[in-house]
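Just the one chain here, laid out as structure tokens, in the form predicted on its own.
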Amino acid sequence: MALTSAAFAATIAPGFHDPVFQSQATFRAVLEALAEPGGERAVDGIATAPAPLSPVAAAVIATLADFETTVWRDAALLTPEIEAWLAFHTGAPAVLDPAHAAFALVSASPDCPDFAEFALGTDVDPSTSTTLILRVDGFGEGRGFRLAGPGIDGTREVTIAGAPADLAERLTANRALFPRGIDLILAGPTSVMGLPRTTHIEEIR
């Protein structure tokens, strides 16, 4: 027997418990993180999101995605529970080709495709590129990086645990495409950090 819409909704894990306030707070955090690369912004994650979608990544995608934006997920996130959760809470269509994604969710660095595989936008309309939401283990420990560029006064040093081993090389190649290129949002356990396409990055050995 087919589920009624009410019964189907009851099987979906909850989203924000205060959708208006929490989505607005998350949106501000993401905007500020991208405007000031390397700066952490606290995010109240969605703890009820289906695993292995992290609470902070869930809050970010629930805030940014809607029925007009496509979402690509890595292999670990291709579960029926996550697909149903995203469809119910965002209405965003799922895509299997990262080049067609407005947003991409990556649960672990080893599963992250080359950034060039995502939508890179065009010189005329760079906004059609992918925004990549990548879960990391945290900030304040791990690999060290020195950042420079718009939104940074001089340089800023950050440490990121669980980032791709070749993060600096990936983002350097991405920056060379400007105004094309992806924007990267790192989703830690309790906060986000933005690394937009304009940011110069080098690893601190």
Partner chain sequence: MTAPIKPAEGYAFAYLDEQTKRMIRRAILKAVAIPGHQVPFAARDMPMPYGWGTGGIQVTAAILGPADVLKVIDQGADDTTNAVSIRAFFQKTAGVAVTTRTSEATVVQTRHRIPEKPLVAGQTLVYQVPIPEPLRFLEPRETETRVMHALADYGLMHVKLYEDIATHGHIAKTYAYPVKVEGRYVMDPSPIPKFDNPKMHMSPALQLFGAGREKRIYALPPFTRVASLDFEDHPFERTRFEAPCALCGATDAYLDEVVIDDRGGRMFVCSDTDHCETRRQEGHRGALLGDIPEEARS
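Residue numbers count along the first chain shown, from 1. Quick caveat: nothing in here was measured; it's all calculated off a predicted structure.
This next part talks about the form predicted in complex with the partner chain, which is not shown.
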| query | finding |
| --- | --- |
| Position in contact with the partner chain when the complex is considered in the predicted complex, options G162, P50, G151, G39, heavy atoms within 4.5 Å | G151 |
| In the predicted complex, segment of 135-143, 42-50, 58-66, 162-170 with a heavy atom within 4.5 Å of the partner chain | 58-66 |
| Contact test in the predicted complex: P93 vs the partner chain, heavy atoms, 4.5 Å | no |
| P113, heavy atom within 4.5 angstroms of the partner chain in the predicted complex | no |
| Partner contact for P196 in the predicted complex: the partner chain, 4.5 angstroms, heavy atom | yes |
| In the predicted complex, T190 touching the partner chain (heavy atom, 4.5 Å) | no |
| Stretch 161-185: residues contacting the partner chain in the predicted complex, 4.5 Å heavy atom cut-off | F178, P179, D183 |
